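Shown here is one chain on its own, the form predicted on its own, set out as structure tokens.
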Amino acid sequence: MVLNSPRGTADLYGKELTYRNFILEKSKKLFNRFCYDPIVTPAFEHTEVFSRSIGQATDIVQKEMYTFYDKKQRSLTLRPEGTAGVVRAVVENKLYAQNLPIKLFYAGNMFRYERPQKGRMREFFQLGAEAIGSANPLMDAEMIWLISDLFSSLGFKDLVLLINSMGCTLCRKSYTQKFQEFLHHHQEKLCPECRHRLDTNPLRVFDCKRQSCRHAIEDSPKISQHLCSSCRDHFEKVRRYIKILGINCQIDHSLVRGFDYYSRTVFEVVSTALDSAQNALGGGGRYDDLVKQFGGPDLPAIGFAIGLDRTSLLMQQLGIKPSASRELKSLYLISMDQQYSEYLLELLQFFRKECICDTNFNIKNISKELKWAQKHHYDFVAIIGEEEFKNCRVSIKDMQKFKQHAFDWKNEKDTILALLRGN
């Protein structure tokens, strides 16, 4: 008798493996350029890690998790997603005791009991990035920039960023009540599943793909119109920074993402080169309350994930072929004040095209920042103080040769590049 692989799993070899390895290699180089460190977490966790974070009323927890009992009758679950395990690891190992934000990336297999179809399997591979410890809207912009650059570097064209804000716990609670009231008046138009969601998890109605449900919520209250002043200010800054980065962005009022842990900024990258039914490439958002929920300190966080299987399939569909790249220098960009954020973003965008580059999202004094750069073996340090900001200049210190260079930012970009390349 010939034994087959279980339904919803696949053997990888040949072309499929070539694409998988290409995506992993490209993404690891990009994560390195943005200064994200790798982390590996277990393929299974205590069930509570997922039920507590993803949400008891979600389809994943109720229908799709592979849960089993071990010999001591402990409930364990094969991971259905990556963020919860990373947050658990950060809290358990007290990784938050180091310089914040902690910036991590992962790649691994995930498991969900879904109906198998092309690009959607029961065992699937996912990679993602998480940044824990900064509420700075620049952090949101960096995460969005990172996922956009990832797809651009893989060869995807016509990318559009869909973005929304789900608000904080307080403003989302008041919005959910208004949305729930609206749904009760239109429940005859909802499918049976969404009627069930009405009282358990009303925001999940936004995820329903049935036309009747989509029509029913067309005139529903918009969450972006019910944000508190702090969330509104945060969202406006994120959008302004994205504009500076030149990312094609659209507000999508119905975008809420599928897990209960999301708050404030949520986003998704789509490609208009693909059929609208399958044009979503990946996405993520803030989860500012999750670290605290896991017993850690009250630390804000943000992340994203993409599916490798689906990305590989779409690349082949679009005729994108795998290709190769060079060793990079590293630079730490120190900003001395939050008011320099827009200038900082302009510099970051330039430097990350050429080298591994990071910045101090949480402002500290200059001597601490220089020690941090030295300890982590950066080749160069660039400083933005009041003089640099006002005069549109940039000071770069060569950490190996102990030489300081000052440049006119607008007119000496080629000279800066020559320094970074060692010319």
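Just so you know, these numbers come straight off a predicted model, no measurement behind them. Throughout, we count residues from 1 along the sequence that is shown. Note that the rigid core is defined as the largest set of C-alphas that superpose within 1.5 Å between two forms.
Heads up, the form predicted together with the RNA isn't pictured, but that's what we're talking about next.
In the model of the complex, none of the heavy atoms of T415 sits within 4.5 Å of a heavy atom of the RNA. The RNA is not shown here, but in the model of the complex it comes within 4.5 Å of a heavy atom of K397. In the model of the complex, R421 stays away from the RNA, with no heavy atom inside 4.5 Å. Among residues of the shown chain, R115 is one whose heavy atoms approach the RNA to within 4.5 Å in the model of the complex. Residue-level contacts in the model of the complex: of C355, I366, C35, C392, one residue has a heavy atom within 4.5 Å of the RNA, and it is I366. This chain is drawn without the RNA; in the model of the complex, the residue among M65, L30, I383, V49 with a heavy atom within 4.5 Å of it is I383. By the 4.5 Å heavy atom rule, the three marked residues P202, Q250 and S254 all fail to count as contacting the RNA in the model of the complex. The chain is drawn here without the RNA; in the model of the complex, the stretch among 36-44, 65-73, 373-381, 22-30 whose residues come within 4.5 Å of it by any heavy atom is 373-381.
Residues E193, R197, R204 of 177-204 are found to place at least one heavy atom within 4.5 Å of the RNA in the model of the complex. Comparing the forms between this form and the one not shown on their rigid core, the Cα displacement of C35 stays under 2 Å. When the rigid core is held fixed, the Cα atom of Y343 travels 2 angstroms or more between this form and the one not shown. S395: CA moves 2 Å or more between this form and the one not shown after rigid-core fitting.
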